[in-house]
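Single chain ahead, by itself, as structure tokens, in the form predicted alone.
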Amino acid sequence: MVRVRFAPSPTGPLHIGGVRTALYNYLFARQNDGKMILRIEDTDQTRFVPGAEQYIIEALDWLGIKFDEGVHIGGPYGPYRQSDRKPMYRQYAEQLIRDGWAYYAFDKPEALEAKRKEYEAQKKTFQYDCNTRLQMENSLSLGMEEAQRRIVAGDPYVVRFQFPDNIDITVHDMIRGDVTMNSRLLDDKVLFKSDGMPTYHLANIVDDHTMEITHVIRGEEWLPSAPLHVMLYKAFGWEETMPRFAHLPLLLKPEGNGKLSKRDGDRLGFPVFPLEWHDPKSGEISSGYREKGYLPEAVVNMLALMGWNPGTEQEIMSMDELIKLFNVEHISKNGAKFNLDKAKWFQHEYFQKLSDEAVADMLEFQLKEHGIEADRAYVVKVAGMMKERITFPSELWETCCYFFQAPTEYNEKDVAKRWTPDMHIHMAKVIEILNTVPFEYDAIHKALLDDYIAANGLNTGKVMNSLRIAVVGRTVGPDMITLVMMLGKDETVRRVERAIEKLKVN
């Protein structure tokens, strides 16, 4: 059975790049009738941020990315939080040492810093590897007997992986093909820290193996670590069950030069987190897609196409369609630029898919905030008429307010452009027409546009836009006769009379 995992660290809010990784794992699992696991990787306790784990769970739930097992729901392979699995990792580190794949290292931070400076003075870069390890304080240079004596004495130590000298290590990647690196280019990574916690590298491999993960789909920032992970599977004798790897391209800044960051969102005015985040340390609030009014389906569709495409021109896809069409081999090797205009386009497309009733619910909430009670059927009708002009729910009041209250002010620029000194005469004629002809769309249209405006050689734009100013307060809105029919004769007449009075030109 296909088993994939999303394994974030609770170090802050979940970046949309991480959301995309979770989404691709989810699509792959569902397409293959597999299992999706949420594992929290909190081996670095110094970077733990309170509330981050719950934020991750809430964000993915809002987006419709569901899990079969995980830290929040349990499962047969738990526990699913690495700090709760702490006792098991030491035995694996000790196994690697016994089998000659790792060693104890006692180097103090100041000794490592001195070695780095020594290399810098020679215009070189220090790396703890097969060329330098015997110059350092570890069980290889000191001997195992001395190393054990130091451990018993309570000296702090870490466990480092011991790469064989000068071998080629190949990572088979589902997106990039074979990636090969020589061991001389790799440093002996720390696997087990002096605080008794494993590093990501050890815990990741042990957990993936013991949870029977079949495919690891993660960001390309982990590609340089993949040779180590392949070697760890070899060192443990787990090569036969090693998962297949797929390293996803980065989400890039809109300009394309570098990874998308919160700073880019702040600079250009868009969220980089799914939900609003309140930093418990600084008190800073970062915007979220949910709070900005984005629909979760729009965010999912947008992210799915940032680095992948179905091989067709289709852009609007439901979660079920994405599951059916998703193919790891169609993921690009190149980074995907974030496009705010495209994000808004997806949001607009999905907003149009909402039922008139659903949009009316949002509009009613905003009406109540402004102290307005309105007939439900009327609100639904307005919502259906106006939703094509809406991208975000926050725009509803500004776009629809004139259906529920008469304007008290009139846009100065619109008035200056349209409301000529004789316009009160034409508006008086509008009132006369509304009061005398049948209150039907065709009758009003004929009497006003044909029998009055056209017959008298008047400027249609000026007269109709002045009527719009009188009714709306500015030159926006739907078809004017339709708006008049919505408001009713009496309300329209009242608004025009008020405009004549307030916009008299001396």
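In this text, residue numbers run from 1 along the sequence as written. Just so we're clear, the structure is a prediction, and the values are computed from it rather than from any experiment.
Form predicted in complex with a small molecule: not shown, discussed below.
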For the spot marked by Ser9, Tyr200 and Asn204, is every residue within 4.5 Å of the small molecule in the model of the complex through some heavy atom?
-> yes
Between the options His426, Lys387, Lys189, Arg218, which residue brings a heavy atom to within 4.5 Å of the small molecule in the model of the complex?
-> Arg218
Exactly one of Tyr128, Trp345, Trp222, Phe270 has a non-hydrogen atom within 4.5 Å of the small molecule in the model of the complex; which residue is it?
-> Trp222
Is there a heavy atom of Glu53 lying 4.5 Å or less from a heavy atom of the small molecule in the model of the complex?
-> no
Even though the small molecule is not shown here, does Asp44 get within 4.5 Å of it in the model of the complex, heavy atoms only?
-> no
